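One chain follows as structure tokens, the form predicted alone.
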């Protein structure tokens, strides 16, 4: 007896569609009328009733030219079916409430560059699609963003580094480039050929803090040139790094997105770098296996549309 195979419940009881059909037959007294009410053909309804009778091992409906009536067993099964369908309806109402709660808010975490220069446009577009969704944004470096997403404290994250931590899935949403920039009065601003990677690595720079995507990309790019020298300044925000460079304190390395206006107005000058690449991918991240849904899915879709 202990070796008997257990047949799953789903293989032993009729599905919800069949139970709804049986209730409709009891209500209208006609298999054809029940089929019309449910939007299916009469042959399909007859086949479904026969399959249910075969599964249960009892006759449920007496068919005659005057219509269809329930057998005694059919009337009993109908009472049970009503309870099952009512429970399914309560389940559906509860599931809708959960979706409503999920759709009423969106928690986003984003690295500084993405939060300042890309997210505002995406969030404005999202508001047009979902005006009832309240959005909260936590801006931090890429390591902080990854931690928030892994801890389920953010529904969707955006990072700038070279890699994605274990436990997160990702998709590339944009390409970016790091730029070495100086104030117009800096000696590098007058160099037509820029600087070599080794000189850049040996020069104290104004940088973002460790853990930022910008710093991670720069560290990797200059590793072969001996690694970064002690930073001139190490600051926790893109705006602070840019302000220090604008003041003439020294060279900075920031996203092209962050310094585009300053380069265009010549308040900062781009310094070409030879011997290394400073390109990077911008990514959306979420917990492995938990594909974004609801507002998070819609926001992710917006990030991948052409600007």
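Here the rigid core means the biggest group of C-alpha atoms that line up within 1.5 Å when the two forms are laid on top of each other. Positions refer to the first chain, counted from 1. Fair warning: this is a prediction, and the values are worked out from it, not measured in the lab.
We do not show the form predicted together with the DNA, though everything after this point is about it.
Practice task
Spell it out for me: taking the DNA in the model of the complex, does every residue among 129, 132 and 137 have a heavy atom no farther than 4.5 Å from it?
Solution key: Heavy-atom distance to the DNA in the model of the complex: none of the three under 4.5 Å.
- Task: Sort through 58, 44, 274, 263 and report the residue having a heavy atom within 4.5 Å of the DNA in the model of the complex.
- Result: Flagged contact: 44.
- request: Would you check, heavy atoms only and a 4.5 Å threshold, whether residue 64 touches the DNA in the model of the complex?
  value: Yes - in the model of the complex, heavy atoms of residue 64 and the DNA come within 4.5 Å of each other.
Could you tell me if residue 240 has a non-hydrogen atom within 4.5 Å of the DNA in the model of the complex? Because no heavy atom of residue 240 falls inside 4.5 Å of the DNA in the model of the complex, the answer is no.
Exercise for the section: Could you confirm whether residue 31 comes within 4.5 Å of the DNA in the model of the complex, counting heavy atoms only? Expected result: Yes, residue 31 is a contact residue.
Does the DNA get within 4.5 angstroms of any non-hydrogen atom of residue 279 in the model of the complex? Output for residue 279 is no: heavy atoms all beyond 4.5 Å of the DNA.
| field | the DNA in the model of the complex: contacting segment from 266 to 274, 253 to 261, 35 to 43, 240 to 248, heavy atom within 4.5 Å | value | It is the stretch 35 to 43.
| Would you say residue 296 moves between the shown form and the other one, meaning its CA shifts by 2 Å or more once the core is fitted? | No, because once the rigid core is superposed, the C-alpha of residue 296 moves less than 2 Å between the shown form and the other one.
ask   = After superposition on the rigid core, does the Cα atom of residue 25 shift by at least 2 Å between the shown form and the other one?
value = After core superposition, the displacement of the residue 25 C-alpha between the shown form and the other one reaches the 2 Å mark, so yes.
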